[in-house]
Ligand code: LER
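Single chain ahead, written as structure tokens, the form predicted alone.
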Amino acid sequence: MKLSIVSGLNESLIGIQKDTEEIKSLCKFLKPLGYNGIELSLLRPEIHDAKKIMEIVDSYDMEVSALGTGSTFIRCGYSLGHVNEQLRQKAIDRLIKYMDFAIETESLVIIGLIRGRYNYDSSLKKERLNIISSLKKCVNLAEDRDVELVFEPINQFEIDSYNTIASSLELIKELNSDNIKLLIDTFHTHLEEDPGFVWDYLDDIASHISHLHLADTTRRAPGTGHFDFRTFLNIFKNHNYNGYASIETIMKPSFEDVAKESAGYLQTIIED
């Protein structure tokens, strides 16, 4: 199991030199803490020099674990389920750019908030069908590019579709592709899953999971709340999971503090 953490790049400062400085700084800080990779949350992957980024990441013997796509919905309003066909297509077009970036960085592409929220005056059934239709197109594109997508169940307070692991797995089975698997986030798992059954269920479906997000019940650094990270991570260790466990939290009091606290806490479990 490998450890990474979510970070953005300052996309208001466009240019190879700025990318170089930010990535170098991240790698220099994270590598001694035991991190193996960085999960990049980007709005416009096409403005970044993926080749240069990889040269720096490789020089630290690190990886880009995954690409976050949620900004496409949060900042642009494009989503896979939108009632407006043009906005659905814009979401797919943005995902193509993420996939192209993922080819060069050998990273996963996350399907989370980009599926959008339901419009107040639309049919929930129709928007759900829109998500499925859009995802089928995305999966075909991913297959053509040999890119892996990871689909994230997200709690009902943030999104209106596929809140549970079971419903998300059902969707993935319907899509019937080796190029889309599950992303499991501990914060959403805590809010949506039955604590009496979730551990056995995760054990049963571990082979469908390719990426993990870690945040405590407080949505702060692991170890600051009461989520049972030892039981959770041991499930994947027992299945010889060799993917990433990526810290995705509220970065308070600071990114540096979260990175240090999380690494120190999680390594006692991962390396046990």
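The model shown is predicted, which means the values in this text are computed figures rather than measured ones. Note that residue numbering begins at 1 and tracks the sequence as displayed.
Same protein, other form: the form predicted together with this ligand, not shown, and the subject of what follows.
Stretch-level contact check against this ligand in the predicted complex with heavy atoms at 4.5 Å: of 106 to 114, 126 to 134, 141 to 149, 173 to 181, the positive one is 106 to 114. Scanning 154, 95, 80, 102 against this ligand in the predicted complex with a 4.5 Å heavy atom cut-off leaves one residue, 154.
In summary, among the residues 230, 208, 219, 239, the only one with a non-hydrogen atom within 4.5 Å of this ligand in the predicted complex is 219. In the predicted complex, at least one heavy atom of residue 185 sits within 4.5 Å of a heavy atom of this ligand. Contact check for 19, 48 and 63: none of the three has a heavy atom within 4.5 Å of this ligand in the predicted complex. The partner is not shown here, but in the predicted complex the stretch 237 to 272 reaches within 4.5 angstroms of this ligand through a heavy atom at 248 alone.
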